[in-house]
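Single chain ahead, written as structure tokens, the form predicted alone.
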Amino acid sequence: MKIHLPTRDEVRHQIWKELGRATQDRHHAWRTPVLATVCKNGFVNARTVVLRAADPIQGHLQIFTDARSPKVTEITDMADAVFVFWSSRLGWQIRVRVNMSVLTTGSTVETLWQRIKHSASARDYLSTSAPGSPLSADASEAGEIDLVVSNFAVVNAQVIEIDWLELARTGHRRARLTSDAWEWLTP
């Protein structure tokens, strides 16, 4: 039995295809990657986020957040960050090094807000309290959040490099991809 090993072009295409699927399929393993940023004190801060868009032509990923979130300050202070995606179905891990920017106003933010403002997730951006703020005992017990103006922000991530790792019984493979290069690495 001969096993087909994907070529570098097939891998690149499949990575972006899976990233695109993850923006549409709530059950896709890559829907909720870990995003790691660096705090002012030099510590790394990692959290799970929801992938909202993936553009293979522009090499661009997008997430949403509350504009008051600590990650916004971290991204503003240091735009370099890393997403980590794992799919047991594929046996693939990708670490995506990105340069991030945050939009809190403008037509892109308004257009995306109009799409989600009546959804359940809109509550995440309408709280009077910033993410991570202590809740009063009454509010935490009742699960209540006072709704105010939107604190919706769009985080754009320009992909700089993808570190692809395939874990397979036939042998592990690893490569580094940029927009115009491919380099095989020791797994």
Ligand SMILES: Cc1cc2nc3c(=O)[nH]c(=O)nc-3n(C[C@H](O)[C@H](O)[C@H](O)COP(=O)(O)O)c2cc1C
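Numbers follow the displayed sequence, beginning with 1. Everything numeric in this text was worked out from a predicted model, so none of it was measured.
Separately, the form predicted together with the ligand exists; it is not shown, and the next lines address it.
With a 4.5 Å cutoff on heavy atoms, Ser69 counts as touching the ligand in the model of the complex. The ligand is not drawn, but in the model of the complex it has no heavy atom within 4.5 Å of Arg26.
When the ligand is considered in the model of the complex, Val50 lines it closely, a heavy atom lying within 4.5 Å. Contact check for Gln158: every heavy atom lies farther than 4.5 Å from the ligand in the model of the complex. For the options Thr128, Gln58, Asn45, Ser136, the residue carrying a heavy atom within 4.5 angstroms of the ligand in the model of the complex is Asn45.
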